[in-house]
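Only one chain comes next, encoded as C-alpha cells, the form predicted on its own.
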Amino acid sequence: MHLERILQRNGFGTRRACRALIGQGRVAIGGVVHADPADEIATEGLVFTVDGVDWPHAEFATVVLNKPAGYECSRQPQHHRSVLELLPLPLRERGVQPVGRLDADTTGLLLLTDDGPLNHALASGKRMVAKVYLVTTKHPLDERQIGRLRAGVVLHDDPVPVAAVACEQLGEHHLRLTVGEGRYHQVKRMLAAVGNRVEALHREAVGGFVLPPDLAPGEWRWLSVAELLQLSHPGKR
C-alpha cells in the first residue's frame, strides 16, 4: 500500500496532508525516514513513526484508557469535556468511540474502538459481558444488602429483577460488583434499590480484560493482539 494511503487510513488527515507529512521527513519505518508518498509498504505487522511516535497499522483501532473523573463519554458533551480529548488527533479522526459509557464521575477502564462489531459485542446487554466495578458506598454495607444484590433487585423503570453476576464485600463501605447488562446508571440504581448510595465508582475489568495497573489516570495505550482476541471472545470473570 502507498505510504500516503497508510497514513490516511490511520487518521493523519487528507491525502494532501499525509503527503506533506511524508515530504517533510516526519515519517519513518524501522528508523528509516521515507520521503516518498508513493513508496509501496507491506502492511502486515507494520509499525511506522510520525514525529518519533510509534503507530501500529491496523484495520481497526482499539485502545484502553484509564478514564479520570470529570469527562463525558460523548463527542458532544453537555457539562464536561469529552473523554475523546484525552486521545491524540489521529485516533479521533479515525472515529473511535467509547465501548459503552461511563458517567462523568466514574473512573477506570474504558475501551474505545472504530470496530463496530466489536463495540456492539461488548456493549450489548444480550451478550452479558461481565463488567467489574469497585464501589464505594455512603452507608455501611450489610449482609442483607449484599444478599439482595446477588438475588436481584427491581429498578424503578423495569419490573424484571436485575441481579449482580458477582458481589464481594471488601470493607464496610466497599464492594466489588460484577454486572452483565450495563444499563443506564445500573450500579448506582442497584445500590439505591437496597437503600444505599454510590459515592465513588471505578471500573476495573470488562470481559475478563483488567485495567493495566501501570496505566495512570488519563493515559491510554493500544491493545495487543492477544488482548483483542480475548475481547473478541469475552467471558464472565
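So that there is no doubt, residue numbering starts at 1 and follows the sequence shown. Source: prediction; values computed, not measured.
Below: the form predicted in complex with a small molecule, not depicted.
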* Does at least one non-hydrogen atom of K188 fall within 4.5 angstroms of the small molecule in the predicted bound form? -> yes
* Partner contact for Y133 in the predicted bound form: the small molecule, 4.5 angstroms, heavy atom -> yes
* the small molecule contact at C167 in the predicted bound form, heavy atom, 4.5 Å -> no
* **in the predicted bound form, D114 touching the small molecule (heavy atom, 4.5 Å)** => no
* **Of L84, L109, L102, V99, the one that lies within 4.5 Å of the small molecule in the predicted bound form (heavy atoms)** => L102
* Structure fact -> Note: exactly one of L201, A61, V206, V64 sits with a heavy atom within 4.5 Å of the small molecule in the predicted bound form, namely L201
* Structure fact -> Only one of 25 to 33, 39 to 47, 178 to 186, 208 to 216 sits within 4.5 Å of the small molecule in the predicted bound form by heavy atom distance, namely 178 to 186
